[in-house]
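Presented below, as structure tokens, is a lone chain in the form predicted on its own.
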Amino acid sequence: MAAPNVAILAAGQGRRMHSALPKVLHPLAGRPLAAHVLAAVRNLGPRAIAMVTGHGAQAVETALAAPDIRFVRQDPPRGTGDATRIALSVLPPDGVTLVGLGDVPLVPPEVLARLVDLAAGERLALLTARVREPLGLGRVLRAGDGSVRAIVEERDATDDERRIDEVNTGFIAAPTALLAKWVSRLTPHNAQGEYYLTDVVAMAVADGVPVVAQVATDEASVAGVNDRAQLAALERIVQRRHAQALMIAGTSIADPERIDVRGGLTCGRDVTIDVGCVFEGHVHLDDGASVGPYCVLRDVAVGPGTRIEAYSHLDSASIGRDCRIGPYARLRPGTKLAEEVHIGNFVEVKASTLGAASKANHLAYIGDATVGSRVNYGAGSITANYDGANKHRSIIGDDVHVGSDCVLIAPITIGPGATIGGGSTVTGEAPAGKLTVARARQVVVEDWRRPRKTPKSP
């Protein structure tokens, strides 16, 4: 396959989405719809990519900006034919041009490559599909011998034509010079008053140029998005595919209908994922790792044998082998855990490292800290790392024991083997191997009486 030119049409408003966000930026599996189309066409090694923007152009161009994309704007919106003409104005004038839609996200690269190959012999190639519900889609009209003779949009179709189940997907490929000639001849004589790209089919037939149709075998792969219901349906299709691929590779997933991968998820052997988990960015689960129900992991590497319990939230963290996290734990960006670390229920760790076999099992906060190995960090204890203007660091040595309900006011150093008595507020260095207690002396007031409520008037 020779490298094609590519035009992606992404100027539509998407009124049926009822959203201020341009339709092509609505997320599917964690990426904008149009990003999926771009990923597919990049697999073809294109000579050039032009994307036509219109509604919300600035937002689209900012979100999808890349060195290999040339953005051109369509203003006012005048249909797919006009958008294609604008795209061709910035693409090389020779070779083959592939035209696709930014809201049809699941067309496989190999299908697009085949479409380009079909067009290389001075032909117009269409990607079509036979669908169960063609409502709203352009119908493919064929002659008695089966050859394609035209595409008619539903608003312009007769009752008999509306019964046809073969539809246009919006993806075509053609020799660039011929395509440019055809779009220059388009007129807006239709119910929409727009320049339809699909009208080039009848022009090709009239010019004696062969029109070939590649019929998609997977209806879902050519499904477009016009409303949020269709977007949700495609989301489940994508997630089902993710789950299927993971399970075939050896991952145990409790319910493949209740997993969301919004980025990339890779798993070692014997990984187990419970229901309702969300994986964002790039996540790796090493051999024997398990993730309990309703966890969220974003840009996380999880070591072998580590168990993440229910309702834990991990973001931009690195976790060693055989750790125990949660339930209800939160690891924020910059967290690095060595092997056999325990982070328990309602414990938050941020921008901190914890050495091997250290534990913070209950209701604690560790922020901007370097924690050594075999540290026991008590329930209710916190590092007070923020003074209202700047963050400060805490250094906690190996084998330290921090009692319950302690406040370590950074910057501070706790020496190896030190013990911090429960309820202490520590503001200075705690010496290695020593007990440090920093709390008010207990006082018993002998003659104190608890206040009593005043009786209410009858």
Ligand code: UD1
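Predicted model only: the values in this text are computed from it and were never measured. The first residue of the shown sequence is 1; numbering continues from there.
Omitted here: the form predicted in complex with this ligand. The next part is about that form.
Heavy atoms within 4.5 Å of this ligand in the predicted complex are found in exactly one of 22-30, 422-430, 60-68, 407-415, that being 22-30. Although the partner is absent from the chain shown here, none of N5, P109 and P175 has a heavy atom within 4.5 Å of this ligand in the predicted complex. At the 4.5 Å threshold, heavy atoms of R78 reach this ligand in the predicted complex. L137 belongs to the set of residues with a heavy atom inside 4.5 Å of this ligand in the predicted complex. Contact check for Y365: every heavy atom lies farther than 4.5 Å from this ligand in the predicted complex. In the predicted complex, this ligand lies farther than 4.5 Å from every heavy atom of S358.
A heavy atom within 4.5 Å of this ligand in the predicted complex is found for one listed residue only; from T306, T198, N385, Q214, this is T198. In terms of contact with this ligand in the predicted complex, the residue from N345, S316, N226, S252 that brings a heavy atom within 4.5 Å is N226. Along 75-105, these residues reach a heavy atom to within 4.5 Å of this ligand in the predicted complex: P77, R78, G79, T80, A83, L101, G102, D103, V104.
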